[in-house]
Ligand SMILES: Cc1cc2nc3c(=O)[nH]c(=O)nc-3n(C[C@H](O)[C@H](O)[C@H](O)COP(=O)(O)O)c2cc1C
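Only one chain is given next, in structure tokens, and it is the form predicted alone.
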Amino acid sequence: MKRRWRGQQDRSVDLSTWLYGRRLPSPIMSASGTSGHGAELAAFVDLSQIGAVVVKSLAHFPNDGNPAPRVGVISTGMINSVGLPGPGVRRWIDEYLPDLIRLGANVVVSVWGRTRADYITAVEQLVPVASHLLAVEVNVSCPNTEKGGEMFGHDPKETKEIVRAVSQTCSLPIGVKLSPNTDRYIKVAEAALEVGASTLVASNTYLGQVLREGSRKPVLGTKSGGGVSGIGVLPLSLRIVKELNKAFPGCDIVGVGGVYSASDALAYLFEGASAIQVGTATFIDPRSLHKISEELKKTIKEQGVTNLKDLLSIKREFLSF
């Protein structure tokens, strides 16, 4: 049985935000792919007090992932080609979901597939436990094997058909995790919103390649590169969030990429995000979700207010943190 986290928290400040039609206790969420499929972070953070646990992307089938080495360290974060290993939706429901329910976590399930039908089947398998879930996050940063391997999320039409199918399959709110590796992400987002998505998640990792120092050999086992994440991508993802907020005012946006501190989180919130996902930072310190939340509370108190909403309404150009 997983041990429930027992730490000190400042409950005098209200961090609540609205997302997926629900009031969440905090805008700080875990990022898919960085904290496992279940309650792996429960020893380091009270999962009931963060915005949501976003589980590592699941397919309707079990998947082994890519060959090792899967992760490489770089000066600004990391590069990975893990390959979406997972137990499959049905086994996840049996083995991982119960702990998350017991710990009071808001659960967002990320789903992926190699074909449009894969997404539909994965969501169909989630329908029986939908009452225990906050939302479905559709990861469209996957190669479409039926069309030569182009990412679904680089094609507005393909994204639209996937989101339409998911919305027709279940009644859960839908977030779409956008790929930053295309100049069409505004069009992709627009297509997703037209057919049932309520939330834009921006963004996934950035395609890159790293060689071993002094060598021609790639760091990763796939040899073809992988996804870059960490503090170095914050300016890139922040710009995407800003552009999405301008294009779709009032739409819920979740900022992802390079969040290591309350200041990083606030940058996304100031640019229009409703929530933030923390990923790579948890590899450095698994207590990052808790620490960023407490740091954010401290910042709010230092500005002479008691809640996140009032902090975001402060009109001063500079805040003292």
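Keep in mind the model is a prediction, meaning the values are calculated, not measured. In case it trips you up, residue 1 is the first one in the sequence shown, and so on.
One more form of this protein exists, namely the form predicted together with the named molecule; it is left out here, but the text below deals with it.
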Stretch from 272-280, 287-295, 38-46, 61-69 whose residues place a heavy atom within 4.5 Å of the named molecule in the model of the complex: 272-280
Using 4.5 Å between non-hydrogen atoms, is N106 touching the named molecule in the model of the complex? no
Residue-level question: is G230 within 4.5 Å of the named molecule in the model of the complex, judged on heavy atoms? yes
Does the 4.5 Å heavy atom contact test between A31 and the named molecule in the model of the complex come out positive? yes
Contact label in the model of the complex: P27 to the named molecule, heavy atom within 4.5 Å: no
Let me know the one among V195, A247, C170, V82 whose heavy atoms come within 4.5 Å of the named molecule in the model of the complex, would you? V82
Interface residue in the model of the complex among I240, V89, M78, L97, criterion: non-hydrogen atom within 4.5 angstroms of the named molecule: M78
Checking a candidate spot here: are R114, N144 and S179 all in contact with the named molecule in the model of the complex (at least one heavy atom each within 4.5 Å)? no
At 4.5 Å, heavy atom to heavy atom, what parts of 251-275 sit next to the named molecule in the model of the complex? List them in sequence order, or say none. V256, G257, G258, V259
